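This document opens with one chain alone, in structure tokens, the form predicted alone.
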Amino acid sequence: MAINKQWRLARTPTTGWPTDEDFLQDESAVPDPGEKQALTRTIYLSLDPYQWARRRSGLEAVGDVCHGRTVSLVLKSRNTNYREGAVIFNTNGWQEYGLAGKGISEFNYMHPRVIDPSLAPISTAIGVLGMLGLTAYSGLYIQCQPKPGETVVVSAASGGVGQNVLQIAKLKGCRVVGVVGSDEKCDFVTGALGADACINRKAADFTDQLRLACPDGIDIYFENVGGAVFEAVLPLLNKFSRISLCGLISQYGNDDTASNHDRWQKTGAEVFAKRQVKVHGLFVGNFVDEHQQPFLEEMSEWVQNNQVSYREDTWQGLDKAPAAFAAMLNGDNFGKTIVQVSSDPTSPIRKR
């Protein structure tokens, strides 16, 4: 019997950050595809902060295979949309094999699709050309509508979403300031990504450095972190500034995660009202139907023309998924966190 290795949720986490006790390594039989389904082998698994919120809120049940978007190879197909040998974007989760097609719950937001390996490395389908890229595009470009010359501040600027926000802002003619967690990441953000300035949030004089980097105040703030970074941004917000509230990763270990957004809003309420700040809650699923195709067309062109670059933090082997997940939530990742579960059959034909 062929074996499908998996990670399942061992318990519903109630406090803090991930531990080994939260995940259970398991095995099951490799499934057979039913009518209008396809059997796929996971190549790349995406690890993202929202997955922790799902587990802590109970949206992921104890015993479930841990959720995660994937890039997969079609091995056997009874679905005409997925031919055998095709590479697709789907949701196998934290396991080696999964099914795609009829009756499979994807929780994808972005629709499952066949990937063309000649356009870009297939791992980008869960990064710059996937949900993370669409999140950045939707939050910055559609919600906040940046204008040339405006100052944009991006927290977690070297992460999967942040690096895309930063570069889109530069392409739209903005002055961009990144906030990250190390000097090495600052060098990457100003060097490879082209930010006008970058500040290490762990610096003793972080607040002063941010103020000096934004002499004309802040017109757009892309929020990924919350906490001390948000508190430093608040007094610098200009009148009629805009915020895209994507995430509050520094708060995801709080005992009462349901109150994170309420606390954030309460902290900023006085400044928001006084300066007429527009706060946009960002849920990428709201932008899929109307904006997924325009995003893919525009971002694909930027990537192919080297106008947008990206960095991936790749871990090797499904057994590393829990460790990689914990490191990402702790800010120890450098770029988009990915687990390579099996060999990439397209690597010899990559253009980049």
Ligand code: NDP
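Residue numbers here begin at 1 and follow the sequence given. Predicted model, so just to flag it, every value in this text is computed and none were measured.
Just so it is clear, the following notes concern the form predicted in complex with the named molecule, a form of the same protein that is not shown.
Residues within 4.5 angstroms of the named molecule in the predicted bound form, judged by any non-hydrogen atom, belong to 220-228 and to none of the other stretches in 115-123, 220-228, 167-175, 86-94. The shortest heavy atom separation between R242 and the named molecule in the predicted bound form exceeds 4.5 Å. Interface membership of G247, defined by any non-hydrogen atom within 4.5 Å of the named molecule in the predicted bound form, is confirmed.
Within 4.5 Å of some heavy atom of the named molecule in the predicted bound form lies at least one heavy atom of V161. In the predicted bound form, the named molecule stays beyond 4.5 Å of every heavy atom belonging to L9.
This chain lacks the partner; the member of T19, T15, S343, N330 within 4.5 angstroms of the named molecule in the predicted bound form by a non-hydrogen atom is N330.
Out of the listed residues C66, V308, L318, V284, V284 is the one that sits within 4.5 Å of the named molecule in the predicted bound form by at least one heavy atom. Counting a residue when any of its non-hydrogen atoms is within 4.5 Å of the named molecule in the predicted bound form, the hits in 132-148 run L132, T135.
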